[in-house]
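What follows is one chain in structure tokens, specifically the form predicted alone.
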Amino acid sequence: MERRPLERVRGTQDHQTRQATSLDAMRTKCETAFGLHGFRRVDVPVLEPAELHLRKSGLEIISKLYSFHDLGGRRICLRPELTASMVRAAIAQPSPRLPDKMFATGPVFRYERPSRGRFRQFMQTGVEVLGAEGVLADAEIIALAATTLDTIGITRYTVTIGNVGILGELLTHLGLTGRRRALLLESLEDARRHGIEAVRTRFASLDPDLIQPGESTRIRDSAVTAELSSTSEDALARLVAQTSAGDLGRRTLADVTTRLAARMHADTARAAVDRALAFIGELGAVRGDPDTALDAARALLEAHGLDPKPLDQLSETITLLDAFGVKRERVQIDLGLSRGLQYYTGMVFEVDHEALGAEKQLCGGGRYDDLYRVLGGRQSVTAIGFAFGLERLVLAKEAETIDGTGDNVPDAVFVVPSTPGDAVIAARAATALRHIGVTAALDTSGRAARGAVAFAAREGFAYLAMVSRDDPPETLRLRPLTPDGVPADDTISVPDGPIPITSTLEWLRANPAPSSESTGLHRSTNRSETPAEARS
């Protein structure tokens, strides 16, 4: 049998003590903030029917879905996000009262290309509100995301707001439905990332009957197009009969009429798609501070004859954000923002952090008023929500606390028996320290005291506690440690002799660890990916 070590799956992580503790702390802070805003906790399964996401999630999610057939032949997936699962659960057990405010936390799975801050398994925590209508609900949900970050101590973030309903209204106006409508809505995000020409090329590959890459589509006069599209086949048949003088060759009048109607329909659809793509390009250019962007957006909507109501709602939302305490200078408008998910119907937003580079997004969410009905609900229920990526919150927090101004982590003590005969005393001392709230790890290796000191320093412990039968009962000797494994220098207070165990916590608070890097938590042993992993 082969004995080689088994590697972890690429894009996953082994969280050692430091990372696991940081994620737990971040989760607790988020969930505490959600609770203060009246949200209740729910849990949803990791395994879901694949159809849950195939119905409405969109290509951004579907293309990265971990799905398979179980032993019963059912197509199952690992959940790629929490929203659809929470809505499904709400449909199965409807709340007797709306709005229904809930939150959930747990791992999600997407076949991403791993990089710093981007994984194939990661932790999300998010909120959903079912039955929430209007701009007040929009503003409160954005403000909750910002307030949560403020509570955590993350300050260098930007809130970007858009509205996918603007493009949806144009597509309705142009009569574009079904697959073409879905493709165009997805194209808003592609245009934002890659440019409108990349969108045109992609659309041509998916719907070649409408667009040929590199060619300019001739657009009929809109009045003529509308007239042709409304012409009935009976009227076309009369027109053909009058103009052909009965000379149709081998084709019947019905054949000619059907072909002509299909061609006119294709011309109409081609014109509509071309106009939609042009609008997507213009819409994606509207971004910036709220005042400037909203002025540009009003001019754009007026030029296309669209209702300015979504812009009025955005303006009111920004005013309400100020009332919730969200600083206006942190808010940006980007009408090319769509979040890459098909179920969004109106306001969408993201929260980015300046220090995280390409993977700067901490949070994303928006309004999805159709999802409840799409997933099987008996009636339409308005809804809005967002989700944080916990790993990215940890990265953002670390980026802002490099200067040592971050949270103080209780320093751990490594308890060492002076001799093997002091094991009972050491066990009692470690137990007593834990009872008073001190993180205490007991050395059970049997190594010599010198080796224990080196091990404690190497593993990141801030203090060494030596216990001996020669000292008074229920006392210990504390020594701060430096990373090189020797007691700290004379600038650090060191007790002259043994101190009572009951006084240890008070002494630790009065004498912080000698190094801000000492957290009392073991260092990560996550290694870099192997060449074999990098190829997968």
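Residue numbers here begin at 1 and follow the sequence given. Everything numeric here is computed off the predicted structure, so don't read it as measured data.
This protein has a second form, the form predicted in complex with a small molecule, left out of what is shown; the following refers to that one.
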Going by heavy atoms within 4.5 Å, which of 327 to 335, 164 to 172, 447 to 455, 122 to 130 lines up against the small molecule in the predicted complex? 122 to 130
Taking the small molecule as it sits in the predicted complex, is residue 363 in contact with it (heavy atom to heavy atom, 4.5 Å or less)? yes
Answer for residue 392 alone: is it within 4.5 Å of the small molecule in the predicted complex, judged on heavy atom distances? yes
If you check in the predicted complex, is residue 281 within 4.5 Å of the small molecule, heavy atoms only? no
With the partner left out here, check for me: in the predicted complex, does some heavy atom of residue 81 sit within 4.5 Å of the small molecule? yes
If you check 339, 181, 88, 192 against the small molecule in the predicted complex, which one has a heavy atom within 4.5 Å? 339
Exactly one residue in 307, 398, 316, 112 has a non-hydrogen atom within 4.5 Å of the small molecule in the predicted complex; which is it? 112
